[in-house]
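One chain comes next, on its own, written out as structure tokens in the form predicted alone.
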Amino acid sequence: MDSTMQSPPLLISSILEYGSTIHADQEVVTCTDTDGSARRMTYAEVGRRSAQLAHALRGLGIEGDNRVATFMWNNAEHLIAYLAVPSMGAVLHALNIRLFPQQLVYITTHAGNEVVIVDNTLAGPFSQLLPHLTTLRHVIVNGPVDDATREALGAPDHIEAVHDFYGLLEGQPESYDWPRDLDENCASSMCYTSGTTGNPKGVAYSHRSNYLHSGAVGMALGVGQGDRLLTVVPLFHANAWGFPYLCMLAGATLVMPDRFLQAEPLARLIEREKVTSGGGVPTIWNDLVRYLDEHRPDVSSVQRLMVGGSACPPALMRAFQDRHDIEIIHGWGMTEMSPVGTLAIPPAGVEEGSDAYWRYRTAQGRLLPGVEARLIGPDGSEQPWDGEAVGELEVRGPWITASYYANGTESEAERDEMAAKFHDGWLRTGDVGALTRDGFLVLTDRAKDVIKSGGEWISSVDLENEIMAHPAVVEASVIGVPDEKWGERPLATVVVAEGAEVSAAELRTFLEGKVAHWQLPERWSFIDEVPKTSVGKFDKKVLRSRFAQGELAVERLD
């Protein structure tokens, strides 16, 4: 029996039109200075500017599913591109500004980007890349640039013109006949993995996947009209976790930090704009809580902050809650998952502050509706959801990629590597962990980071969390290093807080009783900073390389 329901496609243009009309008076707020001052744009104006940008891009020859790149901070103009480009039927590709130059050249060329929108504060470094970005034809600059930079941007022979963002929009119509016949399954945007092994891999999100993902995340977080979301997570980092689209759907104000990502301007922005919620990686929130502890600005408006990108230390969660009454919501996901797959919101009825409450809070979270999961053990068998059995997590669902983007230039080895990430229609996440009966994910490690010692697994994440609970420790990253007797043993690399002192022996004693005795690290190294990937995750391959080359001063406790 067929249903009697209508079936209009789920399109980004629907989000744009809904947000700019139903929630016309809501705002996108962009930080403009270190004191937290900001400029404002209503969603109604965002809608008009989006239409103008679409007309302007058509004038530059963007047709069909041509790719338009951005090289931008989180600001109002980036939001306009986020909405206009997919709504007109083209494909948005937000470039990760923190990637190495060779990676940026690879992904821009591989995606086939033809136009790029660049913030003026990033135009200088971007101009140095342009000679190698041969698929680009037009550069649009958001904000004024000096003559030398403008000349550098227009110098490569393949660049037809350099445009001013608002100059290009001036005189364009403020409405656009957004195409209604787009297939909701066609690509709306692209994002590339950070390329920790081999070249970065491209994921092409659909209109449908972005629509469903944003709705699910917004529902789980309880975002509604009147909320003010500080979007620290970059728009180039896997859809900014759905925040741009879910705010347009829910009528929540978007508070954008632009390039002012340090703790002091963020705290001032929160205080001025009465932020109620937000999203960012642990390193950002770690710096913020230390600033809040020392300077005590008024952040009473904040109810909760989402954290993702890497595991959040329980000590950081407790610091926010105990000292500032701010709930930290743990999230987990991947670029390949749009990216959110779980959110750690305890079930109703669990007593706040109880042991059960904190077990739920410090887990990676409950699977969102629509995300299916299974655990595959070392022998290939599926593991039960009992909170104890451990396996590699595999997922599938309407906003999870079924393959990587390929343009036909990949080598056979690259095609094999991409295919190996999928198993019978499931995405192999590379994460190792357990699932509880009520669908909460507890990760113990990345498959490549788990430490195999004497035939047993040691979770580097568990060790890191316990070490970072010490008041003298800012960050800690644990890697496996070769050991003649056990095969591998943990090496703990530690960043000590400014003005604090702590020894390896003291930290090892601090761990006693918190992890099994045989898991305690014998090797310790004190470093200035844990190396991080372009999206803020601990870069353990760099630590392994530094250890192998003898660059780490290692103290051994026997």
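The first residue of the sequence shown is number 1, and the count goes up from there. Since the model is a prediction, treat every value here as computed from it, not as a measurement.
Just so you know, the form predicted in complex with adenosine-5'-diphosphate (ADP) exists too; it's not on screen, but the next bit is about it.
Among 125 to 133, 138 to 146, 181 to 189, 438 to 446, which stretch has residues with heavy atoms no more than 4.5 Å from adenosine-5'-diphosphate (ADP) in the predicted complex? Stretch with heavy atoms near the partner: 438 to 446.
Although the partner isn't part of this model, could you tell me whether Asp258 comes within 4.5 Å of adenosine-5'-diphosphate (ADP) in the predicted complex, counting any heavy atom of the residue? So Asp258 does not count as contacting adenosine-5'-diphosphate (ADP).
Is it the case that Gly202, even though its partner is missing from this view, gets within 4.5 Å of adenosine-5'-diphosphate (ADP) in the predicted complex, heavy atoms only? Result no; Gly202 lies far from adenosine-5'-diphosphate (ADP) in the predicted complex.
Can you check whether Gly333 is within 4.5 Å of adenosine-5'-diphosphate (ADP) in the predicted complex, heavy atom basis? Gly333 belongs to the contact set for adenosine-5'-diphosphate (ADP).
Should Val535 be counted as a contact of adenosine-5'-diphosphate (ADP) in the predicted complex, where contact means heavy atoms within 4.5 Å? Output for Val535 is yes: heavy atoms within 4.5 Å of adenosine-5'-diphosphate (ADP).
Among His78, His207, His93, His237, which has at least one heavy atom within 4.5 Å of adenosine-5'-diphosphate (ADP) in the predicted complex? None of the others qualify; the residue that does is His237.
Gly309, Gly397, Gly215, Gly89: which sits within 4.5 Å of adenosine-5'-diphosphate (ADP) in the predicted complex by any heavy atom? Here the answer is residue option Gly309.
Across 354 to 384, which residues bring a heavy atom to within 4.5 Å of adenosine-5'-diphosphate (ADP) in the predicted complex? Read in sequence order, the lone residue that approaches adenosine-5'-diphosphate (ADP) (within 4.5 Å, in the predicted complex) is Gln364.
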